[in-house]
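Quick setup: the C-alpha cells below cover two forms of a single protein chain, split into structure 1 and structure 2.
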Structure 1
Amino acid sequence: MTDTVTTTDSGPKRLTTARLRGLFRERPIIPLIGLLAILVVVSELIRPGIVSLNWAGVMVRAAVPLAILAGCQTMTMLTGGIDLSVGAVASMSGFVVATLVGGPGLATGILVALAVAAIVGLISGIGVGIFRVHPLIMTLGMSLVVLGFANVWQIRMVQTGSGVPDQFRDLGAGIFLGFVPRSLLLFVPLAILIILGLNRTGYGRLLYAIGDNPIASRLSGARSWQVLIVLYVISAVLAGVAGFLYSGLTNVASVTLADTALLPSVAAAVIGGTSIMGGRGGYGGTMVGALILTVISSILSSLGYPEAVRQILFGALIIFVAAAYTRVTEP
C-alpha cells in the first residue's frame, strides 16, 4: 500500500507523449529508423533518382566497417568504458596484412594482425580489469603504443613494399547480386553474434550489470576483471577485422587509415542509444546510428558541402540525439 506508485490520470495527450517516451526508451531503434527514413527521403528530394538499390548498397558498404568499430564502443560503453584504441588497432591490422601478404601470405597476415590486436586488447583489459585504470586512459595509452609500433613497422617495411590484398578489396568494396555489398557476408553473422551475445548470454548480462553497478555485480559474484579482459580482447579483435574492411574499402594501407573513424564510432554508438555511463543500450541502435552518419555524409557530399559542414552537423546531431535520450530516460 505504501509501496504502490500513484499514477496520474492522464488525458489523451499526456498518454501519447508518455507512450512515445516509453517507446523511445524501450525501443530506441524505432525512432532511429524513422530518422534514417527521413534522411533517405531528404536524399531523394535533393537529388531525385539518387535513391536506388545501388545507392543503398554503397551506403551499407561504407557503413559496415564503421558499424563494427561502433560495436566495439557499444560493448565497452555498456560496461561504463570506452575503447579509444580501435582506430589505431584497425589501422594497424589492415597495414600489417598489407605488408605481409606479399611475403608470408594472406592467412599468416590475418593471423598475425588479429593476434597483435588480441594482445593489445589483453593488455588494455588487464589494465582496466585488474589495475582499474580508467578505460579512457588505458585505451588512449595503448593507441599511442600501437601507433608508435606501427610506425616503426612501417619504416622497416618500406623496402619490401605493401599492397592491400585482393581478397580484402573484394570483401570490403565488392558487391554481389548486383548491389549487395560483399562485406555483409562477414557483417551479418557478426552482428547477429553480437546481438545474441548481448541479449541472450550470461556474458552479455554481465556486461550490462557491470556497467550499471560494479559493486552490485561484485556482490552477486561477478568477477569483473574476467569480464573486462575478455571484453577488451573482443573489442580489439573486432577492430582488427574492421581494419581489414577499411583497407579493402579504400584500397589504402596506412598506419593512420582508420584514425578518423574513431570518434564517429563513438558517435554512432551514442546516436544508437547506448549510454556512455554504462548499463543501457544495444547493438541494433548502433548499426542504425552508423548508417545515419554515413547517409548524412553522403547527402552533404552530394550537395557539395565542404567537410566542415559535415562535421558541424555530426556534432549537432550527437547532442540532439543524446539530449533526447536523456530526456526520455529520466524518471
Structure 2
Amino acid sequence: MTDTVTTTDSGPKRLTTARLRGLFRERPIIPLIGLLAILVVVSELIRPGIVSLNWAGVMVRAAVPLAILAGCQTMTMLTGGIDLSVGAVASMSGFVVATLVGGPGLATGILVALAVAAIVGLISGIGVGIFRVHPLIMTLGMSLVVLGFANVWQIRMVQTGSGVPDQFRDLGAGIFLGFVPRSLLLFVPLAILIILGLNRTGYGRLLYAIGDNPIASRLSGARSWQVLIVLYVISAVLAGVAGFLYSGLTNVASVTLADTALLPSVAAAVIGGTSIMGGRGGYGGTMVGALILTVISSILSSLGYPEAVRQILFGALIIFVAAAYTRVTEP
C-alpha cells in the first residue's frame, strides 16, 4: 500500500519535471527571458534607478559583439564542434584595420582583415573536415598561430597605425534616438541571416544532421567535409566582424582585445540551448544568453568588487549557469 501511494504521489512530480525539461529543451528562449527579467530586477535592487532605456541601450551595445562570437559557437557546436580561434581572429581583425587605415585606407583594411580571417577559417575547416583533426585541437592551434602572426604584424606596423577608425567607434559605441545602439544596424541583418540560414536552408539542415548523426548524414550522401569547410570560414569571418565592433566599442586595437570573450561566447551558446554534443540548438536563445552574461557582468561591476574578484565571480557564474542549464536540458 505504501509503495502504491509513493508511486502515485511521485507521478505528477515526474510529469512536471519532464514538462520543465521539455520546455527548456524545446523552447529555451522562454525560461531564458524569465532569467533575464530576474537579473534586471536584481540590477535595480542593487542600484535603484539604474534600469532605464539608456541602461538597456548600454547592455545591448555591450552584448552585440559577444552575440556575434556566440553565433560562431552556435553554428560550430551544432555539428558537434567548437571554434576556439574566434577570440584571436576578432582581435587580429580589429588590429589589422587600425594599422592599415592610415595608409591604404579603411576599405582596404577591412577587406584584408576579413580575407585573413577567411583564410584562417579555411585552414581550420580543412583540418577538421578533411584531416579529421578534433575541432577543439584544430581551432586552439589556429588561435595560437593567429596570435603569433598578429604579434609579428604588430612589431612591423605599430608605428604606422592610426588607431581605431572613427567609423568603427561610431558603429561600436554610437547610439541614435537617444538610446538605440548603432551596432544594431549591423547586428540585426546578421542575426536574421543566421536564423534563416539555420532554419530555412538546406545548408542549415545539414549542420543539424551532421551534429545529430554524422554517420547517417554521410550515408545519405552529404559531403560533410565541404559543409565543415564552409562553416569554419563563415565562423572566422563573423569573428572578424565582431572584432571590428569590439575595437569600436572599447576604442582599443590590440592583438588580445577579444581573448576574454572566448569563454563567454561558448557559455552564451550553451546557456541559449545549443548542445555541445551537436544536433540541437538555435541562435535565438544564444542572443538572449549573450545578453544575460552582459547583465551579470554589469551586476558584478555594480557591487564594486575589484577587477580580479569580478573575473573570478564571473567565471564561476558562467560555469554554474551553463552546468545547471545543461543538467536540466540533457536527457
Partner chain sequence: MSTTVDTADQSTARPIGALGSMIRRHGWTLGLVGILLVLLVVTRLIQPTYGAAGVQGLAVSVLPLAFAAVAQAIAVIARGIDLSVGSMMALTSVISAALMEERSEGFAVLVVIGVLLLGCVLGAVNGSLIVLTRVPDIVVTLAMLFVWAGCALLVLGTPGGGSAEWLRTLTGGSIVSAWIPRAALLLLVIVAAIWIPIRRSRLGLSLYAIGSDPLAAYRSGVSVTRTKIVAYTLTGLFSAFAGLTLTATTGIGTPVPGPYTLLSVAAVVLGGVSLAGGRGGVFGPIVAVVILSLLRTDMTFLNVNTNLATVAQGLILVGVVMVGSLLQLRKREP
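Reference numbering: structure 1, starting with residue 1. The term rigid core refers to the maximal set of C-alpha atoms that superpose within 1.5 Å between the two forms. Given the structure is predicted, the values throughout are model-derived calculations rather than measurements.
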| query | finding |
| --- | --- |
| Of structures 1 and 2, the form predicted in complex with the partner chain | 1 |
| Residue shift check between the two structures, rigid core fit, G34 Cα at least 2 Å | no |
| Threshold 2 Å Cα movement between the two structures for W55, core superposed | no |
| Angstrom displacement of the CA atom of I318 between the two structures, core fixed | 4.2 |
